[in-house]
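The same protein chain appears twice below, in two forms, each given on its own as structure tokens and labelled structure 1 and structure 2.
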Structure 1
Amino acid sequence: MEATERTTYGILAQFDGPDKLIEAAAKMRDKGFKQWDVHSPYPIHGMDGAMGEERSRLGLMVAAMALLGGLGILYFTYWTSAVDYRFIISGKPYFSYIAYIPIFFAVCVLLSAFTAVFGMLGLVNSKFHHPVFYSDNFAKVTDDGFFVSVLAEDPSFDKVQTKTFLEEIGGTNVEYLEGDD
């Protein structure tokens, strides 16, 4: 029987709660790790700061697209009603902006939603499979598990030293994320 070679994709460590996870994230950041992440069943206030994450550009992108879309649809409705097809209805002015508020709102919401979805996918470099799914223990993350994962691609990753470091900062159930090639 031939042994299959298993590739190490990273290390996963479990922590006792959100407070311990925030402390671990700060220590991971201070140690200089780059390719790592935290996993919890719910968002934890202050985690972005503990991880050293910058403020996301997504909100700015969404606001800009909503504004551009809104102004674009206002210009389009102005052009169609006051320039291209001038038609007086009941003595109203050619461009009665009040009539176009619903379409303005709808276009702003539509472009905001598309920008939020596709912008998020573009900014996070989405992957459809993550090495943490090699761990059976990781199934707890949707209920009561708090985890830190470090990818082997990290420049600071060393199989033995990283595992020791995760244990020193309070990690339990530390395991290698290994898969078959």
Structure 2
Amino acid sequence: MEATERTTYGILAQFDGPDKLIEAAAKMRDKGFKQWDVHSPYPIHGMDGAMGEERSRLGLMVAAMALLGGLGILYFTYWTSAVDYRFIISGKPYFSYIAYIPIFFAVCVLLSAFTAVFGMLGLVNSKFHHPVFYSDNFAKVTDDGFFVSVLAEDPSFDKVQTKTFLEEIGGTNVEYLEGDD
């Protein structure tokens, strides 16, 4: 089989520990990169600030879904017990909303949890096939490796200059993320 042209999808650089990584992140931010990320085995405090990241929107999503779920189940319990299938039990009103609070609460919690988890999975943009996985060295990210990755889609990406910049700010094992598919 003939070797095909390998496309460069980005550059990956390794850094020595959380201190170096957070310094590098601030420099990347100041340089004006957009399509980049830092990778670490665990969350690093203060990294959002160093990267210039905004707060996650997840909280709003969860609040909205909890409200929607709460109103939904309130209406549903009302409709089933006071409209569609009315019956009196222990002398309570058809719509005994106080007795429905445990159900209301459970549904709010359930919807919040689903939104928190599946919303998070949506927001983190996880892909089984991401350019960083072209690097063999990247396997260290879940062990003890700290990395900065820049994608080629970034407007200020330049194959030579970006690589030099990553080396200047202290990156080691700087490598191109290349694949032939």
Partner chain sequence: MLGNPGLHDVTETIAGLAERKETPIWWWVAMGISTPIAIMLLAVVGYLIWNGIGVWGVNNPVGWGWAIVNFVWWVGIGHAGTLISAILHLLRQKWRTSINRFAEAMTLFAVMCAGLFPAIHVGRIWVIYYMFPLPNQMAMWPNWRSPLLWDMFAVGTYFTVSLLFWYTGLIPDLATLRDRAKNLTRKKIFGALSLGWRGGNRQWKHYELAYLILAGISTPLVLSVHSVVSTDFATSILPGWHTTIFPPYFVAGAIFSGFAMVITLAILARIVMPETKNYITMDHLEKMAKVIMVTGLMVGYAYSTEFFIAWYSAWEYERFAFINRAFGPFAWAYWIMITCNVLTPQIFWFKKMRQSVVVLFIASIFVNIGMWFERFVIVMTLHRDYLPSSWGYYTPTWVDIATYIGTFGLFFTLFLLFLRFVPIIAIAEVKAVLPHAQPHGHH
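For clarity, a rigid core is taken as the largest C-alpha set superposing within 1.5 Å between two forms. FYI, numbering is relative to structure 1, first residue = 1. On a predicted model such as this, the values are computed, not experimentally measured, just so you know.
Two copies of the same chain, shown separately. Which of them is the form predicted in complex with the partner chain? If we ask which form is the one predicted in complex with the partner chain, the answer is structure 2.
Using a rigid core superposition, assess whether residue 119 undergoes a CA shift of 2 Å or more between structure 1 and structure 2. After core superposition, the displacement of the residue 119 C-alpha between structure 1 and structure 2 reaches the 2 Å mark, so yes.
Quick one: once the rigid core is lined up, does residue 139 have its C-alpha move by 2 Å or more between structure 1 and structure 2? False for residue 139: its C-alpha shift is below 2 Å.
Did residue 68 shift 2 Å or more between structure 1 and structure 2, C-alpha, core superposed: Yes; residue 68 is a residue whose C-alpha shifts (by 2 Å or more) between structure 1 and structure 2 when the cores are overlaid.
By how many angstrom is the Cα of residue 100 displaced between structure 1 and structure 2 when the rigid core is overlaid? Here the C-alpha difference is 2.7 Å.
For residue 79, give the CA shift between structure 1 and structure 2 in Å, the superposition being done on the rigid core. Comparing the two forms, residue 79 shifts 5.6 Å at C-alpha.
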